[in-house]
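Just one chain is shown here, as structure tokens, and it is the form predicted on its own.
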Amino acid sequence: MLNYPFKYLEESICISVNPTTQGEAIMDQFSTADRTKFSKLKSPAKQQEFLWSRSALLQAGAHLESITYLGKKPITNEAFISLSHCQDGVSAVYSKGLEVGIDIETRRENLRRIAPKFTSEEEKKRFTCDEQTTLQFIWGIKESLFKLYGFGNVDFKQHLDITSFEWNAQTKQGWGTAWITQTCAERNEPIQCLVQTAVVGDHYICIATHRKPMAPIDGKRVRLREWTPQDASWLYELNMNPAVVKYTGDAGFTSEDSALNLIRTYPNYQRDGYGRWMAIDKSTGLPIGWCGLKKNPWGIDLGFRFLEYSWGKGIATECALKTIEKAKHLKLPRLIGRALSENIGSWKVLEKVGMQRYHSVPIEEFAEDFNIASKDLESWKGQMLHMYKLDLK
């Protein structure tokens, strides 16, 4: 079993790369479908490859006796699985909660020649590693996305879009976001995925994972749901309102396209299982703000932002209480909140939902450790930053 070589989702997925093959010893665990599949392999090399792949699945956590097929793709009802082979490698990924795809490759010299068929110059600019590694990862990520999608008629360049990527040259690991825009009867909406990459020895390993969208959270007057690309114009309007962002430090957006880019590269839902959620007025069906959670190095933040006409009506309090209920369901240990002293409406909401103020610090002192724009620091001069917490366990 390979030590988990990726930054995120270690508790949600299990990976096996190049396990010691158990050979015919595991054939007693084969499902009927795999027994039939294996019996049709005439080449000893293909038989050995098949046994190696099943050893990888077994070590990743799959029950071999439950394997069936969707077309040519091995599947199991108990979990999501994916397999990949290269000339001298095999990899498997297993997850009970996330859809998965995996790809393993060795160095492919022909990628430069065929790159125009599966990527673009704009997409390559999102990668900061060398050209060969960039192309290896783009190809591997798209292979893993294709396997996760599970259906045909996918054009790697047109339908698979890597929207962000961060690379750590020291650990040889990377991660980012990607969208599968192709749709079919079984998948009638584009889906966002978290993608992760690693160089392990001579192998380039890529995985794609997809967490199904959160079911909407219904309050009495408001429904909370995940952002979608169709929300870009509304998000642009919200963040361009000076009164709404007065105490946030946000610079706003330069265009609706920049708001759309934020949504398309937003990793929180796929990475953490939660994030900021759209607040929809149930009486009109229109957005009125957002409320939700954000995972930071210093804790999980409860935050909210609403259009002016909804202020003073208890909307933020209703949404914050529903968010706390969701946080408890997710078994999160503690939530934090922060609000400037002049932002009375916000810190009163935090107190109404049960948060306790545990510290207040001059904003100038806080700014010594955090990057705050000089214009914001000047406008907030003399204010205190109130800090709150709510223990959920």
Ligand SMILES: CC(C)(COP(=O)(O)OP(=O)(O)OC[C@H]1O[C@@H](n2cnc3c(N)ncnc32)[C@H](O)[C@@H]1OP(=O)(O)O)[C@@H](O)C(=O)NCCC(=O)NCCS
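So that there is no doubt, residue numbering starts at 1 and follows the sequence shown. Computed from a predicted structure; not experimentally measured.
In what follows, reference is made to the form predicted in complex with this ligand, a form of this protein that is not presented.
**Q** Please name which of the stretches 60-68, 29-37, 43-51, 345-353 has residues with heavy atoms lying within 4.5 Å of this ligand in the predicted bound form.
**A** Among the candidates, contact is made by 345-353.
**Q** Identify, from the list L293, A232, I315, C129, the residue with a heavy atom within 4.5 Å of this ligand in the predicted bound form.
**A** Looking at L293, A232, I315, C129 one by one, just I315 meets the 4.5 Å heavy-atom criterion.
**Q** Select from the listed residues W175, F306, Y274, W227 the one whose heavy atoms reach within 4.5 Å of this ligand in the predicted bound form.
**A** Contact residue from the list: F306.
**Q** Residue-level contact is defined here as any heavy atom of the residue lying within 4.5 Å of this ligand in the predicted bound form; does V244 satisfy this criterion?
**A** Output for V244 is yes: heavy atoms within 4.5 Å of this ligand.
**Q** Quick check on I336: any heavy atom within 4.5 Å of this ligand in the predicted bound form?
**A** The answer is no: I336 has no heavy atom within 4.5 Å of this ligand.
**Q** F156 versus this ligand, in the predicted bound form: is there a non-hydrogen atom within 4.5 Å?
**A** It does not: once this ligand is placed as it appears in the predicted bound form, F156 has no heavy atom within 4.5 Å of it.
**Q** I'd like to know if S310 sits close to this ligand in the predicted bound form, meaning any non-hydrogen atom pair within 4.5 angstroms.
**A** Within the cut-off, so yes.
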